[in-house]
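We begin with a single chain expressed as C-alpha cells, specifically the form predicted on its own.
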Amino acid sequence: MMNPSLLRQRGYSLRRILGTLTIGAAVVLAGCSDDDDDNNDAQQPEPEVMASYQVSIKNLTAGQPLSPIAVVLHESSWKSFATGEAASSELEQLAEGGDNTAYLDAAMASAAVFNSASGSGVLTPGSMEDINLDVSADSVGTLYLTLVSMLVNTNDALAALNAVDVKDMGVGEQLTFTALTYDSGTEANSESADTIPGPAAAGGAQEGYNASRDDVRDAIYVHAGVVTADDGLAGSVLLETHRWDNPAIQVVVERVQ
C-alpha cells in the first residue's frame, strides 16, 4: 500500500504540471491572436489621400438673385455646355426654373466627374457663399471647375464658368475668375410675369421650367441682356434695376488641403 504522504505529494505535483500546461496554452493562444491581428492590420488598405477646395461665390449684380449654385469638379472631357449648341434638358431645367437637381445628378453619372455640390439657397445681390468639395489627390492634375446658376429675374439666363483650369493648385493657392452670362436659348425672352420665376414677376404665374422650346434659336449664346419695361418692352415686368453688366459672378477658388 502506497504511503498517503507520497500520494499527496504526487497529487500536488500533478496539479502544478496541469497548471503550468494551462498557462502555457494561454500564452500560445494569445500569441496566435496577436499574429492574426498583425496580419489583419497588414491587409488594411491605406486611407485615400484627399484634396479639398473652397469655392467662394459673390453675386455682382444689383437686382438679380441667383439660383442655388451648381459646382462640378471634373476632367476636361466633361462639358456642361458649348456655345452654339443646344442645351441639355438638365441644363434647361436649371436655366428656366433654377432647379439644379437633374443637372447635378446627370453630372455625377459621368465617370469624368469627380465631385459636385449645390449652394444652400438663393444668392441675393451683393452676397457671398462658400462651397467646399473634396476630390482624390490623384485627380488634382486633371482637374477643371464648372459653375452654373440662373439669374432668376430672367426667362433663361445663366451665369457660368465653363470648365476653367484648376489643375495643380498647391495648398493655400487661390485663383480668381469672373463669370459671363449666357442665354440657354430654350425660352423666348418675353420678360412676362407668367414666364419669369423670380420675385420681379410676383402676381403672375411665375412659370419655371417648361419642356417646350420657343426661343428664336435652340442654342446657347452669350446673353445680350434684358430689355425691360423702362425701354418700352410691352408686357415686361423687369425694370432698369434688373439689368446687369458682365461679369455677373466673382469666383475665388482656394485649395485648402
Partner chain sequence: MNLSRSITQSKALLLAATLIAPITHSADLTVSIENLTRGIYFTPLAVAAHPDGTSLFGLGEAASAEIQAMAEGGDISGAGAILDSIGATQANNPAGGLLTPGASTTATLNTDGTSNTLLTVIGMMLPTNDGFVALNSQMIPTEPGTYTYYAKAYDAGTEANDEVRGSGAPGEAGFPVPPPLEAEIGTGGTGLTNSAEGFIHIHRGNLGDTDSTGGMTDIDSTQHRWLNPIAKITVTVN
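Residue numbers count along the first chain shown, from 1. Predicted model only: the values in this text are computed from it and were never measured.
Same protein, other form: the form predicted together with its partner chain, not shown, and the subject of what follows.
Asks: Is there a heavy atom of residue 229 no more than 4.5 Å from a heavy atom of its partner chain in the predicted complex?
Replies: Residue 229: no, not in contact with its partner chain in the predicted complex.
Asks: Please check if residue 223 has a heavy atom lying within 4.5 Å of any heavy atom of its partner chain in the predicted complex.
Replies: The answer is yes: residue 223 has a heavy atom within 4.5 Å of its partner chain.
Asks: So, in the predicted complex, is residue 108 in contact with its partner chain at a 4.5 angstroms heavy atom limit?
Replies: No - in the predicted complex, heavy atoms of residue 108 and its partner chain never come within 4.5 Å of each other.
Asks: Contact with its partner chain in the predicted complex for residue 239, defined as at least one heavy atom pair within 4.5 Å: yes or no?
Replies: Output for residue 239 is no: heavy atoms all beyond 4.5 Å of its partner chain.
Asks: Identify which of 93, 80, 181, 153 has a heavy atom within 4.5 Å of its partner chain in the predicted complex; exactly one of them does.
Replies: Selected residue: 181.
Asks: Which among 117-125, 134-142, 95-103, 80-88 is in contact with its partner chain in the predicted complex, heavy atoms within 4.5 angstroms?
Replies: Selected range: 80-88.
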